[in-house]
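Below, in structure tokens: the form predicted on its own, a single chain.
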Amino acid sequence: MKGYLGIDVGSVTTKMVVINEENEVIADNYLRTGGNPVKVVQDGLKDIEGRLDQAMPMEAVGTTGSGRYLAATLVGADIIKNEITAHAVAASYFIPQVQTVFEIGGQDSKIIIIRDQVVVDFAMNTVCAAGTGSFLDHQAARLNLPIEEFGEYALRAHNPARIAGRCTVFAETDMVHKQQTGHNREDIIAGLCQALVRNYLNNVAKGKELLPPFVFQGGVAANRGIKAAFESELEQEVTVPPHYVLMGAIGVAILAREETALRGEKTRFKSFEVAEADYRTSSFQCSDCPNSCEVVQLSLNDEPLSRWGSRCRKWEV
């Protein structure tokens, strides 16, 4: 059996999957990035290797996410794709008729509009954290609740509180006020879920043609309260796919498999031994022109392997 590795390095979490030739998930993991993408990629590779049959060769590797270029240099990726493309490919594979994808991750939100399995429009919210996983984590901690139980509390509400959701600061202030005026936790949490969905639809999805089937993926899709709020606002069923948290990694693994088959080339994957290599990252600001680019450098044993971030590419290795 041949394996195809997909790596999705995000700002909050890093996901890895290995699929087979039928796009079935053979092994996967989900790790906190923790501000150290090099270490988490190496840790993830060790974990994936331990889950696989030693005889399974990696035929292709793809990377996506905000840390996709760094991860590609570390492992020797065959393709590098943005998150929009990777998530759209995975959504279309699991739900071929999908027309609208809601993707909410740790620190950003996306909407992808698909027609006939082709992305025709998209939008991202990277300015405000309202509605993202990190914001929900913070509110769960404030309410002294495990984030895993957040959605279940929302579903038990009888009279959801009306909470302003256009801004994280306003939402948090309003939530505290509702606590002080005696609202129970279930109603506050349900109100917060509804507010965050309204914020998403009024900002990220503004001006988009929202047509079913709707697919909800990303880490926040685990929150059943958010899913229920989407269904209430849209008056339509919203599908959460089986591997909702891994969709970016699955999508880029599928693309890597297809790309290498098309090119007929051998994979560039450096092997799982890179998990033990002494990689280091550093950065510096170039002052050779008014752009003042911040250049990131990846080194192995003090030898630069790759640099990126300069507009003129003068520093690239």
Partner chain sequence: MKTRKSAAHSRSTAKQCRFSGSAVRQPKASVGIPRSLLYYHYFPLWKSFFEELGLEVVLSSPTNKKILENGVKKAVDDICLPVKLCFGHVMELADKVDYLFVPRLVSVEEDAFTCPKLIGLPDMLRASLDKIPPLLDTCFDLKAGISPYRSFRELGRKLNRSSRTIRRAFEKAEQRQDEFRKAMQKGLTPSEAMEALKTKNETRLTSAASERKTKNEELRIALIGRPYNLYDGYLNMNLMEKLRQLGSSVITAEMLPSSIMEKEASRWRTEIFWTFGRRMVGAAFHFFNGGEVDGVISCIAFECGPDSLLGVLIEDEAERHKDIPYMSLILDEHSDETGVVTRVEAFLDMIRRKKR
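Residue numbers count along the first chain shown, from 1. Please read these numbers as outputs of a predicted model, since none were measured by experiment.
Another form, the form predicted together with its partner chain, is not on view; read the next lines as being about it.
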Listed residue (L201, V119, L211, I95) with a non-hydrogen atom within 4.5 angstroms of its partner chain in the model of the complex: V119
Heavy atom within 4.5 Å of its partner chain in the model of the complex - the one residue of V238, A72, A157, V89 that qualifies: V89
Heavy atom contact within 4.5 Å of its partner chain in the model of the complex, the stretch among 251 to 259, 270 to 278, 27 to 35, 42 to 50: 251 to 259
Exercise: P290 in contact with its partner chain in the model of the complex, heavy atom 4.5 Å: yes
Interface membership of N184, its partner chain in the model of the complex, 4.5 Å heavy atom rule: no
K178: touches its partner chain in the model of the complex, heavy atom cutoff 4.5 angstroms: no
Residue contact check: Q139 to its partner chain in the model of the complex, 4.5 Å heavy atom: no
Contacts with its partner chain in the model of the complex - residues in 65 to 93 whose heavy atoms fall within 4.5 Å: S66, R68, Y69, K81, N82, E83, I84, T85, V89
